[in-house]
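Only one chain is shown below, in structure tokens, and it's the form predicted alone.
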């Protein structure tokens, strides 16, 4: 499919994280080396944290430009995650290639390449580069390693395999700087984001072994349009008493974004999937319509039901 394409549209998911962005940019580099003219798209702007990546400035929020002949969905478990960039009416006759590592992927493409044992979609893009005989260079290696570093929290999650570490070593040998990537993506944040953390952490509650926090619109007033308190959900899971963490982010359109993390032996993906989202057993998310208190009650009921079933 990719060999035949001339003008592929590559789409990263809404609220892109390091894996979505790294995979998007890396795939774009691979296709460019093949003589293609890819469009790199994402409905939401790339967070400042990841704008150091090669070709980040090329990512557009509009996928309608050009004579597109194939669509590639990267790191999305279902079609809604592509947002408005994917025009179902216009693109319905085009081949849709899905590349993803989420266990909750609903296989919505013409061709579905889903590897739930991969630590990140970016790990799969490394395999794609190998399959297409694309040599690694510092730019390509940096994009792939960024996806792997961010989705494993610096190679600390349970899906960090010996294979993933071998790939990371190869990427470093090709010129990717692990220390710089880790510092930029995991250890650095703006003063405004730290202010938002302060507001969000002030709402932390422990209910049994479930720890939670709220991120409301009011908290973000005058904080440069920051929406998500990146990193808070993993931070609060560090509480000794907690097995599951969830952060509820209030969105302007009357919806609540729920971000879940869990310790090994728990499964938050099933709860996220039941609410229309997806992810992994230890890291998942969903967006639910309703008021904050109502959504909190709904989520806690499902989490506690899931805990009872364990």
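Positions refer to the first chain, counted from 1. What you see is a predicted model; the values in this text were computed from it and never measured.
Beyond the structure shown, there is the form predicted in complex with a small molecule, which is absent from this document and is the topic of what follows.
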{"item": "Contact stretch among 30-38, 56-64, 281-289, 43-51 - heavy atom within 4.5 Å of the small molecule in the predicted bound form", "value": "281-289"}
{"item": "4.5 Å heavy atom contact, residue 266 to the small molecule in the predicted bound form", "value": "no"}
{"item": "The small molecule contact in the predicted bound form: residue 146, any heavy atom under 4.5 Å", "value": "no"}
{"item": "Contact of residue 259 with the small molecule in the predicted bound form (heavy atom, 4.5 Å)", "value": "yes"}
{"item": "Exercise: residue 220 in contact with the small molecule in the predicted bound form, heavy atom 4.5 Å", "value": "no"}
